[in-house]
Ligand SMILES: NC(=O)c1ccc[n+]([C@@H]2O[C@H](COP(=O)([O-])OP(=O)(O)OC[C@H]3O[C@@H](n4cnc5c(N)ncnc54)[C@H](OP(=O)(O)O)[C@@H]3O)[C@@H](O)[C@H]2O)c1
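Given as structure tokens, the chain that follows is alone and in the form predicted on its own.
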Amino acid sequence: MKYKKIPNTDLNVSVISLGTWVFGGENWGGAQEKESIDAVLSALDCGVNLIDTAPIYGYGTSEEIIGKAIKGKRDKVIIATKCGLIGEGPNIKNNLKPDSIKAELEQSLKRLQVDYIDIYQCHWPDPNTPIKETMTAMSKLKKEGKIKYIGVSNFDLELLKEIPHFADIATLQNHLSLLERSMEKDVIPYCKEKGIGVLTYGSLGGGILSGKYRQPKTFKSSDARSFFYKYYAGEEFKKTSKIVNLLNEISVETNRPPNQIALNWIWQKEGVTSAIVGCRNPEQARMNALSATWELSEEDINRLNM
């Protein structure tokens, strides 16, 4: 495993991190607790030290599973969780008001069975709460020692530029993959200039960049692969297939699986600190981690950049 330092922190994180939305179950066709715990342990055995989660993943289920998996291993794990998405029955609302952030943090600490969070992230912007209020609340929690560093997720460049007036953030977590590259133009350069670590999610496009899906596929409406990662059907599948075909070509040439090539492309990118990638079982966790044991050639990176 390779590691990169998050600028202006004491955190050296694995270039491949473990994403745990799948562990929540309901948005990924279900999940088994034991298999999820074993996946965490497999990732740790491979040198992964950053685990990313959120209360909204299974309405606390993901955090509870991680809490069980890392018991007795707290010193080996960097925990990143989030706040700001509140589930109310089938509906999800944005709430980054100070009282809500504080309440969410206390619940996360309890579920994770820890005393502090390494990176506490605003999951999505809340248009109904001034950024000053949110960042003031986050800074207060940092001073109290309940969180070590502040992070944000899904923030655009305009909103990022407002934050320094009220707080220092350590990380930005945004969507980046061979299928979603919008943050390359201005967001990554800005973060590099300001010393903000970049964590990427959606690194395998919800799994389609693993090369597993050769034909269009339909998922239930509650499945993230139908409402968030819309690459599995119609015109999007046709566009995606071109990239998957290229991954398969490079896979044959390098004798490396497509998922490792897609992840390698991300973590080798200048300005990216770590690629967050989900898994369903220990073998997937191991295979993802192995992408950090070798490097793509400059020629293959250029082919993928197209």
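Treat the numbers as computed from the prediction; the structure is a model and nothing was measured. In this text, residue numbers run from 1 along the sequence as written.
Although it is not shown, the form predicted together with the named molecule is what the next lines describe.
> Exactly one stretch in 180-188, 132-140, 194-202, 159-167 has heavy atoms within 4.5 Å of the named molecule in the predicted complex; which is it?
Correct option: 194-202.
> Please tell me whether any heavy atom belonging to Ser36 falls inside 4.5 Å of a heavy atom of the named molecule, as the geometry stands in the predicted complex.
Flag for Ser36 set to no.
> Just to confirm, Thr171 within 4.5 Å of the named molecule in the predicted complex by heavy atoms?
Taking the distances in the predicted complex, the answer for Thr171 is no, it never comes within 4.5 Å of the named molecule.
> Would Val22 show up as a contact with the named molecule in the predicted complex if we use heavy atoms at 4.5 Å?
Yes.
> Should Tyr120 be counted as a contact of the named molecule in the predicted complex, where contact means heavy atoms within 4.5 Å?
No, no contact at 4.5 Å.
> Do any residues of 43-65 have a non-hydrogen atom within 4.5 angstroms of the named molecule in the predicted complex? If so, which ones, in sequence order?
Heavy-atom contacts to the named molecule in the predicted complex: Asp52, Tyr57.
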